[in-house]
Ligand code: GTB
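Only one chain is included here, represented as structure tokens and corresponding to the form predicted alone.
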């Protein structure tokens, strides 16, 4: 049976490669593991069939034979542990690469997601103008710390790893805010990740889902 992941049929990121299936696609491309994608509508996300795979009604899921996983970070870790190329062989360096995976998900992304939530949901609230600078200040502090740690290194731990993959994908969420550009070290770091052939293949595959939808809409309007 083929390895199958789920992704949005109509992603709210409009092909920018920010949906949570993107790091899973990228990891599979890095290790050269073939996979298929089952596109899921917003309505079917909450249906019993999908909730049997993902109890919170989200994407992505990962199905490989009898093994079903959810949570993009857990899926990337599973891929990295079972295929060469995303985790170092040295025990200590390997542990630090996993540490950076957790840092991306537990330390860097929460204030970024809070900012996104505030921008999209709370813009008309009385507290929005006061809350946004507070969130951006916390994000900048995290970016400052990360930039200092990365310094002039190409990757977080010697060679590119799953830690870099998740960290770069998290940082990409700041595009368009101007904050990432305030830290040239991190901006260059993200560009290095995006230049990897595996990233480009994953990005193009996700973008094609959006492009197909756009083509169908144009054909329907003509």
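Numbering follows the first chain given and starts at 1. Just so you know, these numbers come straight off a predicted model, no measurement behind them.
There is another form of the same protein, the form predicted in complex with the named molecule; it is not shown, and what comes next is about it.
- Taking the partner from elsewhere, residue 18 is found to have a heavy atom lying within 4.5 Å of the named molecule in the model of the complex.
- In the model of the complex, at least one heavy atom of residue 13 sits within 4.5 Å of a heavy atom of the named molecule.
- The closest non-hydrogen atom of residue 136 lies beyond 4.5 Å of the named molecule in the model of the complex.
- In the model of the complex, none of the heavy atoms of residue 37 sits within 4.5 Å of a heavy atom of the named molecule.
- Note on the partner interface in the model of the complex: the residue among 44, 64, 177, 58 having a heavy atom within 4.5 angstroms of the named molecule is 58.
- The stretch among 152-160, 29-37, 44-52, 185-193 whose residues place heavy atoms within 4.5 Å of the named molecule in the model of the complex is 44-52.
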